[in-house]
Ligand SMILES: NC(=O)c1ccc[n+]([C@@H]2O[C@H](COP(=O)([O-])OP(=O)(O)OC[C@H]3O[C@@H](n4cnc5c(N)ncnc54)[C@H](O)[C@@H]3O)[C@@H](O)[C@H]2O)c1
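One chain is shown next in structure tokens, namely the form predicted on its own.
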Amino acid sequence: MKTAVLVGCGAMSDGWLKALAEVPELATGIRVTGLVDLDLATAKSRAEKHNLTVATGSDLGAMLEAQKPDLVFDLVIPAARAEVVKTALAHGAHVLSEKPMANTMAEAQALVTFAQQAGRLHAVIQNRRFLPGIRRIKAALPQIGALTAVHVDFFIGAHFGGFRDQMDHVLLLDMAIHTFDAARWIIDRQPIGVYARETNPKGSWYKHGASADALFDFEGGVTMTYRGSWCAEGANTAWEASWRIIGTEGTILWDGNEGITCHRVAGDEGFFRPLAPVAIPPAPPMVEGHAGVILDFLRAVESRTPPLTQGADNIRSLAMVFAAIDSATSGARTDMRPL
């Protein structure tokens, strides 16, 4: 059994602690031995809420010295992430972080290098890769020929309150990486450039950048369009967005929930070519979402193999975010190849 310290005991930690207790392989494979938060009362409250008899503290370094955990779960705010990850890696722990991986590309690259030098794994929560819908779509891609384009719509009126309301580039920096990472995994090619625009529409309750549009170019001529807003009231999409995935021989549509359809060309005559529906098999049994990422991370630590969401890969999704922000700020296309 691996031991773990969780740092950052805000509301998000409830979901982590619930998964660690309720998913059988996690419950038998990981034992939380410490909770850390800058507000000691918050750490103590979280331990009480989840009936945990564990050490609590406000100093991560001291906790790591005392507990010497195998794993550190990093749930702190993005501004504190780099220091937390470096501290944990320096103490010999493998680290699983919430997204975003870092506040800058330089920070992200430094973390990749630091993890490699420490001989430890650093991975990032990208839970869309652990959704049945995404797995079903990825498995069905051969049915539509060579992939040519992916179009994604994300429109939700989300009233968080708190730090997000004051963030710059709030949609691109805090949310779009989920969609970008899922699209990159589906496309399975590297992004090479982007043109993006940010707006903060009338009536927005966010300080900056609540809406954004982006056009990405990928290697091999594949394109991806993203249209998104966190202040679009009246007709929410799924949190996983709404997808149209186009190949040379057909199209997959996914509503982000349970609705997935696929049609491919079934003839070579007519103004509109005849189409045939394609059955999309169900996803294999899997642990979904956050719990799935944690389980994949645990298995990677045990087998010393790269986790699906390792930092060395996730940095490419983060690069999409920062390239889009750069383009939106400059008003020009950003060439991603130097990144």
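One-based numbering along the sequence shown. Please read these numbers as outputs of a predicted model, since none were measured by experiment.
Here the subject shifts to the form predicted in complex with the named molecule, a form of this protein not shown in this document.
Taking the partner as it appears in the model of the complex, which of 185 to 193, 126 to 134, 260 to 268, 211 to 219 has residues with heavy atoms within 4.5 Å of the named molecule? Careful reading of the contacts points to 126 to 134.
Of these, P78, G256, G228, G247, which has a heavy atom no more than 4.5 Å from the named molecule in the model of the complex? For this set of options, the contacting one is P78.
Of these, D153, E98, E198, E107, which has a heavy atom no more than 4.5 Å from the named molecule in the model of the complex? Only one listed residue qualifies here, and that residue is E98.
Contact of L89 with the named molecule in the model of the complex (heavy atom, 4.5 Å): No.
Please tell me whether any heavy atom belonging to A21 falls inside 4.5 Å of a heavy atom of the named molecule, as the geometry stands in the model of the complex. No, no contact at 4.5 Å.
Is there a non-hydrogen atom of V7 within 4.5 angstroms of a non-hydrogen atom of the named molecule in the model of the complex? V7 belongs to the contact set for the named molecule.
Given that the named molecule is not shown alongside this chain, does D37 nevertheless sit within 4.5 Å of it in the model of the complex, heavy atom to heavy atom? Contact with the named molecule, yes.
Let me know which residues along 147 to 166 have a heavy atom within 4.5 Å of the named molecule in the model of the complex, or say none if there are none. The stretch 147 to 166, when checked against the named molecule in the model of the complex, contributes only R164 at the 4.5 Å heavy-atom cut-off.
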